[in-house]
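You are given structure tokens for the same protein chain in two forms, set apart as structure 1 and structure 2.
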Structure 1
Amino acid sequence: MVSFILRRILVSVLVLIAASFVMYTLTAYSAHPLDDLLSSSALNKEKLIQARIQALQLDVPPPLRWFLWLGGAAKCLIPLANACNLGKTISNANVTDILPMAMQSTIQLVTGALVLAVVLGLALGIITALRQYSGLDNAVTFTSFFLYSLPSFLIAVLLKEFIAIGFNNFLVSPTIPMGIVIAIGIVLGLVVQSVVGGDMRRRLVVGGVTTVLSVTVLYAISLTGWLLKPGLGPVFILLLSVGIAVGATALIAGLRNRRALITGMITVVVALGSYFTLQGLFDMASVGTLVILAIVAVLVGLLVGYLMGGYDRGQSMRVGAITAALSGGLVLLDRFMQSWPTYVSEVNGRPIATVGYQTPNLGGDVWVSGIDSFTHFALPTLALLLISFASYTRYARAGMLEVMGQDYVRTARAKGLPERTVVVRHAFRNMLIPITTLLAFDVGALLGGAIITESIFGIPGMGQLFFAGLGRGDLNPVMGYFIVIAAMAILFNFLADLAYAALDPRVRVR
């Protein structure tokens, strides 16, 4: 393992150095960084030109200038020396100062899109594979290919028009017409009954109950004006948390495992108690406080599972951790909802933003600022999600269908194992192997920034940094972008190689 890691590091460094030379040389010859000054009519034009030549070392040929840049970039590897030097921009700003801000915006944008794309893609891929050639399978396949084929700028424009502007106008009088309520309820009923499956009677019962519940909830939301003053409250948190506990138990351990189910229910009681006891702390909470509370919640779930687990503590601990994390998330969501009216009044009743990454001069606590970040990143995140989750859905479906036909899956069924055990323990793990490769490439690509999406929504991320630098011949920001993306691509491909050994016992990393 150690020799493998050392060889990969050595090869990666050599590849990075060679690629940086090619990138530096091509970018340096692609545009001239003095074009704006040469066409300027300023009286001190010559002084400005000489100052830029000196600051950017433009009197040195690009291949030789690359060695100077490489020497400064190599200092970034020295820990705690604070000697990193990636050069200056045309506007005389240090690249090391602007790069972290661009990375922060891009990470905020792509993290949510990547996580949701993986989770939704895997879930829909597995469900459609288990319901092969059903109505749900055909609908998901059509939707995936349709969204994947749409250009990103068109999706962004449509989201601005129908989600942002439409929803902001809707909030003036948030009343949902009864026809739309019934239509949404019927669609949800059809989707849920297709996912659950079974005989015709079971499908009709599930679809009917889902339709009635959906229509009732949507009508109550419209009647009470819930969208203006939203909240979950202890009753809904309890009901949703119980559903989470039952779902996590059914998925991980099976409902026959009473210890795991009891673990989930005890965790729900703890989460409900935290709803009442933490309200005072929430009023003066910070981001660090919320992170600590999240860690504590997961640890409490693990502890409850360990104490109640019996002979198979692993299953109970996983059920407890998942239930604690999601139930705690509901408690935090309710607290964010309590600050929604304050935020809406601060932005003059137009909460869904179409440009930028934050509202200028917005005051407020961590809850208001959190809602502000959400409303600014919701649309660009959704735009990236709609494009990227299709590939995960197709890979997951194809991988699950292939795995379900293998001999070891048939052997597991022949031994009489429940279908949940066959899918979750035997098929799911091996289905993840091709997804690991796709994920490794996607992380590097998404961290590079979505240039079109960032441009349309006015987000100053990595994509914008690269695009602006390349357009005006600003070499050092382009190379700063390159070094981050190349390093991330190499790192996550290395992690993918290690993940293969964890997922497939036939693979050995040596």
Structure 2
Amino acid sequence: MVSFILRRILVSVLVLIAASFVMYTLTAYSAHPLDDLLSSSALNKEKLIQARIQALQLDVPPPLRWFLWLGGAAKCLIPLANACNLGKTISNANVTDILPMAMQSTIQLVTGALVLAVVLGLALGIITALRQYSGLDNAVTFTSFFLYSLPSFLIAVLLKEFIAIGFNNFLVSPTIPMGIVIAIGIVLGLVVQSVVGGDMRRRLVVGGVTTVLSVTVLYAISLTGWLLKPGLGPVFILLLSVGIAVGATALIAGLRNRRALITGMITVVVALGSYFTLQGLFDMASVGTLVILAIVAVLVGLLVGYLMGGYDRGQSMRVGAITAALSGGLVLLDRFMQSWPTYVSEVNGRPIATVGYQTPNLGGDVWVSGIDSFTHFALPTLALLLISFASYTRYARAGMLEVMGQDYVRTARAKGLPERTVVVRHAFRNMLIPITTLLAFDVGALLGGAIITESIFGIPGMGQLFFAGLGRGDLNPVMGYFIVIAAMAILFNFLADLAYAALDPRVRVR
């Protein structure tokens, strides 16, 4: 294992060095760093050109200059020496100083999009595979094809112009017209009946109930101005948490497993209790507090499951942990909602941002700045997500269908195992194997896509660094960008290999 990792790292570094040479020379030969000066009418033009040639070592031909650059970059590999030198920009800033700033927002954006794309994509892929050739399946398949074929900037521009500005305009007087309420209700009803499946009568009932329920909820939201002063309150937290507990039990242990169900219910009660007791703590919370609370919540869930355990302790513990995490999330969501009106008035009633990653000089506590991050990242994340999510859906669907046809799944069914067990325990895990490979590739695609998303949403991240650097002929920031994304691509490939090995016992890492 250790030798495998060492070998991998060595090869990766060599690959990285070779790739950096390709990138460096290509960029250097395409760059025009003196453009602005050559066409200027400044009196001391010659002097300025000389100064820039000196500063960027332009008198050295690119392949040789790459060695100079590599000399500085190699120092980054010395741990703790802090001697990293990736050169300077045209405006005399160290690339090593500006990279972390740029990375922060890009990593936030890409990670968010990636996690959501995987979770949603897998879920939708599995559902459509299990309901093959249903209306939902056909709709999702066509949509994913469509999203595939959509240039990423198109999605980003549409989201910005219609969702951001449109939603903010809507918030001025947030009443949803009745027609739209009913339309949304019907669509939801259609989707849910398709997911649930069964005979015609069951579908009709499920679809009808969903439609009526969602119409009522939307109408209530519209009528009470809930969007301006949102909140869940203890009642809805309780209702939703119970739903989560039942869902988690059904998915992981099956509703017949009483101990698991009770675990879930106890966790819900604990969560509701914490809702009442923790409000004071929330008012002076920092990010650290929330992280600790999240860990504690999961531990509590595990503990409850452990104590309730029974013969299949693991299942109860998993139910407990998931219920605790999600219902705890609801409690936090409620607290965020309480800060929403404050935030909205801070930004003059237009919460969804179109540009940047934070409101300047906002101040405020963790709740307000949390909402600020959300309103800035929601749309760019969505724009990135929509595109890569399509491929996860199709992968997951294809993988699931293939796995479900395998002999061992048939055997499991033949043993009389319930469908849930077959899907969750036997099929799911094996379906994940090809997904790991996709994941590694997708990170590269997402980082590339971030260039466009960042430019449209004015987020000054890595993509902007690259884009602006390339346009200006500023080589060092472009190379800084390259180093980071290449290292990330390599890292994710490596992680994918490890995950592959973990999921597929046939693969052995030597």
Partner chain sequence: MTITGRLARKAIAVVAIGAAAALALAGCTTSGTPTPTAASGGTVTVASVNDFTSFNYNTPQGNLDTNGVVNYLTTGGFFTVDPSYKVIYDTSFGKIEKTSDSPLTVKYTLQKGLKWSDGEPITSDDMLLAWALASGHYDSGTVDADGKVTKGTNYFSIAGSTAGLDATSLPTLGTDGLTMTLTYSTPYVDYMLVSPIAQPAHVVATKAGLKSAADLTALLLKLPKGDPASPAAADPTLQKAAEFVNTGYDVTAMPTDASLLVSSGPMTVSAFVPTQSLTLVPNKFYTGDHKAKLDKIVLRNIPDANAQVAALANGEVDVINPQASADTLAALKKTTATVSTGSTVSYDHLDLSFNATVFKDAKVREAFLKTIPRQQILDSIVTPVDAQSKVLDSQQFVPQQSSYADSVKNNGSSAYDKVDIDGAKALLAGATPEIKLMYNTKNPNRVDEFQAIQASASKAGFKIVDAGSPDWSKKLGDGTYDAVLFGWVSPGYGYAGVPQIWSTNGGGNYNKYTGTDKLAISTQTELDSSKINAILAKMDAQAFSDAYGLPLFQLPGILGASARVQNVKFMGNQTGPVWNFWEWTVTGK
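Note that the rigid core is defined as the largest set of C-alphas that superpose within 1.5 Å between two forms. Being a predicted model, the structure only gives us computed values, none of them experimental. Numbers follow structure 1, counted from its first residue as 1.
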Subject >> Structure number of the form predicted alone >> reply: 1
**OP:** Taking the rigid core as the superposition reference, indicate whether the CA of G231 shifts 2 angstroms or more between structures 1 and 2.
**Re:** no
**OP:** Note yes or no: does the Cα of G72 move by 2 Å or more between structures 1 and 2 after the core is superposed?
**Re:** yes
Original post:
Any chance the CA of L56 moves 2 angstroms or more between structures 1 and 2, core superposed?
Top reply: yes
Subject >> Angstrom shift of the Cα atom of A42 between structures 1 and 2 (superposition on rigid core) >> reply: 4.1
Original post:
Taking the rigid core as the frame, how far in Å does the Cα of P33 move between structures 1 and 2?
Top reply: 2.9
